[in-house]
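Only one chain is included here, represented as structure tokens and corresponding to the form predicted alone.
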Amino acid sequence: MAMCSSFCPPQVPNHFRGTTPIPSFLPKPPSFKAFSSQTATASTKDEFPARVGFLGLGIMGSPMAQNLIKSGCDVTVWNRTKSKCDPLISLGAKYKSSPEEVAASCDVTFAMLADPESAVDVACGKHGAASGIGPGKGYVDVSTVDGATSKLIGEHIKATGALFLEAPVSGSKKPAEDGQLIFLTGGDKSLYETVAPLLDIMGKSRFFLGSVGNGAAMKLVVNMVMGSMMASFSEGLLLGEKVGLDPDVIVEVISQGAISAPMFSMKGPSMVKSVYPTAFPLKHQQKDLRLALGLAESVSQPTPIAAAANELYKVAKSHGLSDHDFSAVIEALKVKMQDPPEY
């Protein structure tokens, strides 16, 4: 839990007085609702920052970058595995061989990495984005990391004279493909306003939460709740089946009641069939629970339910389910636990 031990999210201010001047290369941002925008407003190509970089083309980054390209943005991409760039290059994206080159050639650079270590390396490591970025540019990290990591990246970026915004997303593969993500942002407000048209292409709503660290905290809270819900849902399906109830009917009943959630109705039918097409990898859910528990520890907030759920996801990982969808956590409850696996 030490990763988050020094992080305590600051209070979100009730209002904001003044903003950092917007770089001259960027157009005047469209008007937006303070703190949040529930409905994305239509944007024209002329409102976009001239050149947009995108680092990290995995299960989330690739569809997000595709939506920017399809909307007419001038996009330059990079990924550790170059072959993942090829489909985007075929759609019209440019390619650079390092994050440093992408950041140097673009006005705003987005980064979607798998974990805090990767996020720091891509931003701050050798040939990282911080080596190529500078005044008049912006860096938007949409990865899910802890607050301490987000602040560290922000400090390196701002030391170059560039602007920084954390913007982790709520949503998985399908919302990313459909442009229905929710952005939870914190950092430079003028950069938030500037990239709002781009966020509206990739998402259905966006929230400005104040200081760097608040976006990360909000995302960890959301994913902590989600992981715990899925673990409890798995227990219910297996218990019902064991006492003779039809699991398909269980899913239907839950989907019509007060505890209905899109996650249950979408994933329940495939879980009943023991099929787990990956929309959000189980290893990432367990990582987010770990980070959320670290956040909770840093402010002395008990989270026993999330802690128990985290142990279940760790069991699922130990049985080779890391790259399956996080709904595969149900398989951990089917395993006979007389001989606990070694971690």
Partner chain sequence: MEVGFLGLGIMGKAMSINLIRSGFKLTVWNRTLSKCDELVELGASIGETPAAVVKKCNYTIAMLSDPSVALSVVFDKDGVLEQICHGKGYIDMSTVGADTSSKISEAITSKGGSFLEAPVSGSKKPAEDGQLVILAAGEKALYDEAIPAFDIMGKKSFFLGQVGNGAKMKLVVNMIMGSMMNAFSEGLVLADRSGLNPHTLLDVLDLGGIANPMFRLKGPTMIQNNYSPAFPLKHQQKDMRLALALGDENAVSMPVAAAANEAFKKARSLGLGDLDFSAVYETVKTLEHSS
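As the structure is a prediction and not an experimental result, all values here were calculated from the model. Residue numbers count along the first chain shown, from 1.
Same protein, other form: the form predicted together with its partner chain, not shown, and the subject of what follows.
In terms of contact with its partner chain in the model of the complex, the residue from C124, A114, V221, I201 that brings a heavy atom within 4.5 Å is V221. Contact annotation: of the candidates D86, D178, E235, E155, the single residue with a non-hydrogen atom within 4.5 angstroms of its partner chain in the model of the complex is E235. Shown alone, this chain has one stretch from 132 to 140, 182 to 190, 91 to 99, 116 to 124 that lies within 4.5 Å of its partner chain in the model of the complex by heavy atoms: 182 to 190.
Contact annotation: S260 falls within 4.5 Å of its partner chain in the model of the complex, judged by heavy atom distances. Using a 4.5 Å cutoff between non-hydrogen atoms, P269 does not count as a contact of its partner chain in the model of the complex.
Its partner chain in the model of the complex comes within 4.5 Å of a heavy atom belonging to I254. Within this chain, A279 is remote from the site of its partner chain in the model of the complex, having no heavy atom within 4.5 Å. Contact annotation for 204 to 219: residues with any non-hydrogen atom within 4.5 angstroms of its partner chain in the model of the complex are K204, S205, F207, L209, N214, A217, M218, listed in sequence order.
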